[in-house]
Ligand code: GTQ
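In the form predicted alone, a lone chain appears below as structure tokens.
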């Protein structure tokens, strides 16, 4: 293929005339927006150590009261995108949020979807549209687009959770905003109680619920037990993984990002398929190593790392006696909806 023309090859007065009409020549930048063979992600393999960030997060609790912070969060920013953009990948935002005993993070709703993966502590809760969801380590709590939510803490120790939002995408679409609201009343009912057993679903008068998100809290105790049962039932299964889904439809729990839990058997090394979506790994229990492209990261409990799309990823359990458990978030639902999802094996 012939080399494409460069912008500097064009006469300066011609370029100026184009700019005066808000016009840009495509050919000098064509290969930047349509690279050959596969994308060139800005997302870099990145590791965030919880042991390193936790003291800084607790210091934030001393420096800034919740009334002035509203949401006390340290953003896990990917340097490939520039720290000021506050994104982990093209479509994912990550943040470690701290709530101290007695604090209340005010009620609001916003257009980006969000989930909370609880990292440490007891006694906090998230009220999502009136459903009060206890927050315990490893629990996944949804705060879908448009639903009111606030956070409170009735315990006596700091509570920390990992926020995962599709904020970069919604912001890029110029659709990101929030609305403040009053403190919510608590309504009766807990979605996870009604959807505890697979294959047995609530069906009053043979009709399904009108709620778009019938289950808002996915307890870790249930997900962990499901992984252990799967591993015991299928000892030859290589990838012991479960997905967080809408229990009424079987679709992804949220409509842009996908969420999963993975168990690595003792001494197991698992090569993941090379796929188009970026992926985030958060270690809930155990010890693990993540090899992402040419990078190696040793993960301790509560550490987080990110893999760009089209990356070769291998996860290895660092223990010869205990399993390791990871939470994963990726952009698969978005890629499938756009028709750009690829699995290259």
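A quick note: this is a predicted structure, and the numbers were derived from the prediction, not measured. Residue numbers count along the first chain shown, from 1.
There is also a form predicted together with the ligand; it is not shown, and the following applies to it.
Proximity of residue 176 to the ligand in the model of the complex falls outside the 4.5 Å heavy atom cutoff. In the model of the complex, the ligand sits within 4.5 Å of a heavy atom belonging to residue 108.
Residue 268 falls outside the set of residues with a heavy atom inside 4.5 Å of the ligand in the model of the complex. Using a 4.5 Å cutoff between non-hydrogen atoms, residue 71 counts as a contact of the ligand in the model of the complex.
Of the candidate stretches 237 to 245, 146 to 154, 77 to 85, 255 to 263, only 146 to 154 has residues whose heavy atoms lie within 4.5 Å of the ligand in the model of the complex. Using a 4.5 Å cut-off to the ligand in the model of the complex, not one of 125, 133 and 184 places a heavy atom inside that distance. This chain is drawn without the ligand; in the model of the complex, the residue among 165, 223, 98, 142 with a heavy atom within 4.5 Å of it is 165.
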